[in-house]
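As a starting point, one isolated chain is supplied in structure tokens, in the form predicted on its own.
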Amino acid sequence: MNHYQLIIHVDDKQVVLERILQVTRYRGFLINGIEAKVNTGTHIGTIKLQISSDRPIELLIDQINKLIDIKDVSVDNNAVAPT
């Protein structure tokens, strides 16, 4: 199983995290951890999502990028070690 950490920058809105988690689950990725922070000055949130799956990560990134209020998505493969 492949392990990834996604770093997602979002607009600070209540429903964004719920939408991201829903898409992640629908696409068959397991959520292993999550960290969310908001910069109150810019109203931009940063979500770090640790996930695992045998499916290609591009499937999930493409779907998250289609969501409203998403600024950008990147993968930090150095941050996650297999458990």
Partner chain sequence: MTNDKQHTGGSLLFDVMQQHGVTDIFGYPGGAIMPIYDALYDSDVNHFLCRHEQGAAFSAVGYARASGKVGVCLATSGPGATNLITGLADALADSIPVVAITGQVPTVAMGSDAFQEIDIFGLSLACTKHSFQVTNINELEKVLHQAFAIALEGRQGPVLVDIPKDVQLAHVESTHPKVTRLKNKVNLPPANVGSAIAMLSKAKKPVIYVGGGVGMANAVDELRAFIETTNMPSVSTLKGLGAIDPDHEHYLGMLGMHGTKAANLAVQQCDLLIAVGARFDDRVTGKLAKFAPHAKVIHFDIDTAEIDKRRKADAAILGDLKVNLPALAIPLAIKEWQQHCQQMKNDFAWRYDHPGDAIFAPAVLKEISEKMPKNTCVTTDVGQHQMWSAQHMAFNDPSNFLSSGGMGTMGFGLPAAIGAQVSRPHDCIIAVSGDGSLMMNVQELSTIKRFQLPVKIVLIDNAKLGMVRQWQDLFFNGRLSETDLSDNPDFLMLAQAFDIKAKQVHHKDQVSAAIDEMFNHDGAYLLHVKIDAKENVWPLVPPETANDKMMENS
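Residue numbers count along the first chain shown, from 1. Predicted, not measured: the structure shown is a model, and the values here were computed from it.
One more form of this protein, predicted in complex with its partner chain, exists but is not displayed; see below.
Among heavy atoms of Gln22, some come within 4.5 Å of its partner chain in the predicted complex. At a distance threshold of 4.5 angstroms between non-hydrogen atoms, Asp69 is in contact with its partner chain in the predicted complex.
By the criterion of a heavy atom within 4.5 Å, Asn65 is counted among the residues contacting its partner chain in the predicted complex. Mapping the unseen interface onto this chain, Val75 falls outside it, with no heavy atom inside 4.5 Å of its partner chain in the predicted complex. In the predicted complex, Asp11, Lys13, Gln14, Val15, Glu18, Arg19, Gln22 are the residues of 1 to 23 with at least one heavy atom within 4.5 Å of its partner chain, listed from first to last.
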